[in-house]
Ligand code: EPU
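A single chain comes next, written as structure tokens; it is the form predicted alone.
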């Protein structure tokens, strides 16, 4: 275990918040973490405890007074398959996009639409990451964890993870109890592309027309997804951000009517508001569309701003933004969307 005190977290959050923690602990295996807790060594560390990945979905609101734990468990290995599926186990500290690249390189379908999402694999299991019609829950079989209550290692079945939209048991009833050490993914060697989300199919078709000898493969879809993401999302290594800052709101159809009336009065009676059927009389509306309608796209104030190509992303424009600047901008955006559309935006980014 590597234990450091009064440690900067600047390199451990993609927003680039220049904050620190009282103590930082990194570990290289599940057994090492379990042994540390079983020996009671955690009792000497500052409280509270926080387990993070790359910090790609976090906004530190100030210095953290306790101990931050980080996994350096990095591996990808194949497990015995079943029912024609290929199963792999991935260490929690493995960069998620590296996993997507590994799967594409081995001709395995399942992760390609999730390519380019920053962060580590353990956080993907907690957050139930999703993009372009695919969510983590669609490919996970089990999540291997350290149980901080019993100081034991266990595997939690997919069904017991209670996955929802950017949600899981690890963010709800079991928050703070389980530490993800690895995940088990179930992938397919047979073609199973998910292309009917947004402009993915059109982009894939265009790529195949430009390269007529190319066959549809996980690698090709991954390449297209990366191009789409790079065209509209900032690289955290260049511009601090935590990706999509807000969740796409799911509202009753009655509330959607207010949105439609606003849009048609502005753009004409034939205008169609982008939306997706969420079932049971509910509709999912892209938060980016709502934010753009309120005039925030490309907005800047001091060191904080809204990304010019994607209004769903708040950015640390200068690299010197303070947490309170990001929070102030978040509150202004939320207030304006509520005022115009009657919809309350919920942050996807966790505030610490």
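Given the structure is predicted, the values throughout are model-derived calculations rather than measurements. Residue numbers count along the first chain shown, from 1.
Note that the form predicted in complex with the ligand isn't included here; everything after this is about it.
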With a 4.5 Å heavy atom cut-off to the ligand in the predicted bound form, the contacting stretch among 62-70, 320-328, 44-52, 284-292 is 284-292
86, 153, 195, 233 - the one with a heavy atom within 4.5 Å of the ligand in the predicted bound form | 233
Partner-free chain; cross-checking the ligand in the predicted bound form, the single residue of 315, 312, 33, 58 with a heavy atom within 4.5 Å is 312
Taking heavy atoms only, is residue 168 within 4.5 angstroms of the ligand in the predicted bound form?
-> no
Find out whether any non-hydrogen atom of residue 348 is located within 4.5 angstroms of the ligand in the predicted bound form, and reply yes or no.
-> yes
Looking at the partner-bound form in the predicted bound form, is residue 75 within 4.5 Å of the ligand by any heavy atom?
-> no
So in the predicted bound form, does residue 162 come within 4.5 Å of the ligand, heavy atom to heavy atom?
-> no
Who in 102-136 is close to the ligand in the predicted bound form, meaning a heavy atom within 4.5 Å?
-> 130, 131, 132
